[in-house]
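Presented below, as structure tokens, is a lone chain in the form predicted on its own.
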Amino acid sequence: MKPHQEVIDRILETIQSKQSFVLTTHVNADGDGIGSELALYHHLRDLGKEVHIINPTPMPDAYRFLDPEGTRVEAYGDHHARTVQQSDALVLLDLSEISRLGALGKALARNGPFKVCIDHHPTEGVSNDLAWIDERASATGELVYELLMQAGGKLSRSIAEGIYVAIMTDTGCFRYANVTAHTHRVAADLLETGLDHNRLYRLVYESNSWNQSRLFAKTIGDMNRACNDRVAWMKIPRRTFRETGTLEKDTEGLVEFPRSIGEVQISILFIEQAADRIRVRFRSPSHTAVDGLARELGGGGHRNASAALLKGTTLDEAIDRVLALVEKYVH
């Protein structure tokens, strides 16, 4: 039996036996979360199921082309609580912990819907009824592909585009160390549907607004270095968002830039969400791990892409705290 086959079979049984589903992903959804949701959404709809995608935060602009009418992906509001609680199953994609669902997570009653987790992030504990967590997968979209293939599902254009965007974005366009031969085989199967991979790339990565470009230019222009140039760090105070007319969602991809600098082992982006709440994102090349650093700060994520949320601290205090820790993670 393949690894995880037992839990896959149980998820397939759940899909067969239940009628109403709510799909969700983590706050500030990325391409893997959104793409995985929409691929599974279309599959479930093809089976005649009742399906809602309800996320804790609004759809990022970069992925709106996957839901052009804006009718499939909804941002959680109080009026959604009943829909979530009365669904037969809640499927968490690209996250395993209810705590990462913000207000949506708080709305879940203890005796709420049956909870299914499909994720590829390492986790220390999962409080769901069913959890398929495979750290070997390049993206949650890769796991959704496997699930649909075992279900005998058809790769429609909409399903293929969702999975392709999920994998493309979580592998850095197939550049990262998490890419395997299987990842490329999945991508080849998706391309066989006739999807336009160049179009998907342009829509995700070459559709920035003027304001977003100004945000990137200002932030990169103020980039700093530490640990003998092995660490590059950037910060975005709230005033920078005001000056450039941008929001936190416009920072997607910004932390990746310093990885192109030869000496840099760790790239850090500090985002001031409030006077006492700082989001910190970490990126690194394959030979350097940052997930331990994120966990030390109460966060988590992948070996080379992690994050943490620091509460009760100012931006300057957060920078000092992180830079005091980071040196032991470079070599």
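Note that residue numbering follows the sequence shown and begins at 1. This is a predicted model, so every value here is computed, not measured.
This next part talks about the form predicted in complex with ligand AMP, which is not shown.
> Let me test this: is every residue among Arg281, Gly299 and Leu309 within 4.5 Å of ligand AMP in the predicted bound form, going by heavy atom positions?
Yes.
> What is the one choice in Arg230, Lys235, Lys115, His121 with a heavy atom within 4.5 Å of ligand AMP in the predicted bound form?
Flagged contact: His121.
> Could you check which residue among Ile53, Ala62, Ala305, Leu44 gets a heavy atom within 4.5 Å of ligand AMP in the predicted bound form?
By the 4.5 Å criterion, the partner-contacting residue is Ala305.
> Could you tell me which stretch in 34 to 42, 65 to 73, 258 to 266, 281 to 289 has residues with non-hydrogen atoms within 4.5 Å of ligand AMP in the predicted bound form?
Of the options given, it is 281 to 289.
> Answer for Arg100 alone: is it within 4.5 Å of ligand AMP in the predicted bound form, judged on heavy atom distances?
Within the cut-off, so yes.
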